[in-house]
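As a starting point, one isolated chain is supplied in structure tokens, in the form predicted on its own.
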Amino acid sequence: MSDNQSLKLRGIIFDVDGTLADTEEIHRIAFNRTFQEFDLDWHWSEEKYVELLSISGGKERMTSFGSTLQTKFRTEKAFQTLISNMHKRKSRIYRQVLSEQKINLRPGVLRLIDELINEKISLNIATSSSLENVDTLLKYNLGSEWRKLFDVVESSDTTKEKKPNPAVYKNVLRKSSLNVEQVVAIEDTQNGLMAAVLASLKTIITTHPMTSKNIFEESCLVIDCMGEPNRPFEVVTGKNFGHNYLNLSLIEKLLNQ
């Protein structure tokens, strides 16, 4: 590509938890309720959960946290059965709380999705969460036909490797046939950023209270949310080219910088 040529954006790949909606606190609540039901003296404070966000996947977080409990089991399989059972229960509680609290999408998400659809930009999802969890969130916010808005939805049901492994992003790219140079990822965690970057994707970070203190060196822009015309984003690092909310024009400038 010559210097005077510019790439045109063809696709966006969204993470879900923390990116499309502020759901991490709902996850934390669901974990703690599960621990109570299973008579475990575990409790994840906000501070502890922020620390555990460095581990992708609920089963993986519980396995890491429960390493001392693991020694009380006769076999590794018995311990993993407990983890699996707790994770299934936690997921049901999460979806129940999500439905009860009617969690909305983060500022600017719906506006950006509408703009991208109008401009025929391919929308895709790459998440380490389950499709059932994603469905509960997006059905409420985008309607029962939300799946038709996205070309590829890759979740833990179809990609077992968790971020920072780039598999989930690579699978989206493979299934969508998009050129990686014409796609931007939007993430909220260091693991998500690493996964996207390892898949050779330019990545925008939208922080939230649980990730606002992280340093996202390899992202092209870090903002506190996608923003709205009447609710500008705050730039943490990166160049916003005079824009005060995330839109197609800004994303294309980031793609070509």
Ligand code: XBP
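Not measured: the values here are computed from a predicted model. Sequential numbering from 1, following the sequence displayed.
From this point on, the text means the form predicted in complex with the ligand, which you will not see here.
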Taking the ligand in the model of the complex as the reference, which of Ala199, Leu53, Val222, Met226 has a non-hydrogen atom within 4.5 Å? Leu53
Of Thr159, Ser130, Asn141, Gln182, which residue is found within 4.5 angstroms of the ligand in the model of the complex when only non-hydrogen atoms are counted? Ser130
Contact with the ligand in the model of the complex for Arg106, defined as at least one heavy atom pair within 4.5 Å: yes or no? no
Any chance Trp42 has a heavy atom within 4.5 Å of the ligand in the model of the complex? no
Just to confirm, Gly57 within 4.5 Å of the ligand in the model of the complex by heavy atoms? yes
The ligand contact in the model of the complex: Phe65, any heavy atom under 4.5 Å: no
Exactly one listed stretch (211-219, 57-65, 34-42, 226-234) reaches within 4.5 angstroms of the ligand in the model of the complex by non-hydrogen atoms, and it is 57-65
Looking in the model of the complex, the residues of 8-36 with a heavy atom no more than 4.5 Å from the ligand, listed in order, are Asp15, Val16, Asp17, Glu24, His27, Phe31
